[in-house]
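First, one chain by itself in structure tokens, the form predicted alone.
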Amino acid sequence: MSISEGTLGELRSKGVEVRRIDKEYYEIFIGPQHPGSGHMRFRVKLDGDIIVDADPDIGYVHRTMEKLSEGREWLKITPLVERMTIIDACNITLPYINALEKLMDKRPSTRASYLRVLLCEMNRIASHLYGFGIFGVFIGHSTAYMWGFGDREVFVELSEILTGTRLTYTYHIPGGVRRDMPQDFPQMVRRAVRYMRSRMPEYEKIFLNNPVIVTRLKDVGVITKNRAAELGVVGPTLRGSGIRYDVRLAEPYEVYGEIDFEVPVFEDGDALARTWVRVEEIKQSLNIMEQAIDWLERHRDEPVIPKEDYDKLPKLHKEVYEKSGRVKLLPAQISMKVPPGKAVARGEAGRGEIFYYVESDGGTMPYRLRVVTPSARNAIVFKRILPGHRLMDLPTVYGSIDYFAPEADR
């Protein structure tokens, strides 16, 4: 079976490079144009319109973040690494700060931990809505795109009110956070939670229970439970294959061990199951936000940095904190020396587990920093799962994995 001349012409008219490699197979190059989540290219080998081989050709946005970190002071690394996934900046940077706190033998204040969790869950929802919107574009559902990006703004604006910036916050500091929440922030959070809960049935009706979408996603890109464990995939991709693993429960960090929430798991392992996982995770994140804001409202007098750190602040810095809730760092804190040693930390980002290895030689900069991101671990899916599918199933599988190229090309 060969590709028709009409199909070849349509592919080429869209800028897709197609070449015949022998009598039986064609090879097409998809990318490296920006498909919605970072520059990415696939080399796809086809027998007719059946995928024989799919090679994810990553590297188009590689920025050598690990090496660059070795030339930056400890706190100045945060603005660098959060650009791996600016749509999920809190979850991406928190494990780095946790590893740094281990090296410094410093524990965050309880209030700071609740604020971190609150921001992480707002980021998780915004990240899922971003992925949901991009997925809608991939499969021709423009309403899903407009709804996802429109509702995402609710949580992006909440994050901006809390941190002072829209996407890249640099909010965490060793032992605390840079600023407390505004006085009226609890009301804003509860209003956003009520709004998003009212929206979820509408998403399910127009998208997930849409027979056209179900036909497009059902039994496509199936990753069995054994295969998922074998490949080492993480996040919603793993939980969509029936494995109940979430770092927030497996190795609780911050105050996740004190919060009541469930980890959604679906057994089918297909594109539809992975999409349902994200929808259910948004509901769980809304529950976590409510619990976090309730605690924060009940404990307004607790500081966002440890008392011993607060006592060391100059009088002027204390006055700034008392007036606005902002923590002004001293020059000595920015260029601090970290005791020699090695530390690891991990967290559950929107796309799955993120892992940091940090090594200090006692100086003001790390000797070594290593980060393994969820998209880097999930990229193997394309090579192993796509063969046997039709060419038009590729956007479906790609969107259901919620792959983010800058995160893999860190």
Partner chain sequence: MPPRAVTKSVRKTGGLFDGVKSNVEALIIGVKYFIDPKRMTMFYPKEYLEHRPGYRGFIVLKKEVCISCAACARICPSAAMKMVRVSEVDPKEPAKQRQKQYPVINYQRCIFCGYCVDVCPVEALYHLPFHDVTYESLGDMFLTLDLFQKEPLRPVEKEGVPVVYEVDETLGLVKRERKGGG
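Just so we're clear, the structure is a prediction, and the values are computed from it rather than from any experiment. Residue numbers count along the first chain shown, from 1.
Below, we refer to the form predicted together with the partner chain, which is not included among the displayed structures.
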Report summary line: Heavy atom within 4.5 Å of the partner chain in the predicted complex, from candidates 205, 107, 307, 300, belongs to 205
Report summary line: Of 227, 337, 312, 317, the only residue with a heavy atom within 4.5 Å of the partner chain in the predicted complex is 317
Report summary line: Exactly one listed stretch (273 to 281, 111 to 119, 124 to 132, 292 to 300) reaches within 4.5 angstroms of the partner chain in the predicted complex by non-hydrogen atoms, and it is 273 to 281
Query - Non-hydrogen atom contact residue 285 with the partner chain in the predicted complex at 4.5 angstroms - result: no
Query raised in the report: Using heavy atoms and a 4.5 Å limit, would one call residue 327 a contact residue for the partner chain in the predicted complex?
Result: yes
Query raised in the report: Quick one: is residue 98 in contact with the partner chain in the predicted complex, heavy atoms, 4.5 Å cut-off?
Result: no
Query - is_contact(residue 253, the partner chain) in the predicted complex, heavy atom dist at most 4.5 Å - result: no
Report task. Could you run down 251 to 272 and flag each residue that has a heavy atom within 4.5 Å of the partner chain in the predicted complex? Result -> 256, 257, 259, 260, 261, 262, 263, 264, 265, 266, 267, 268, 272
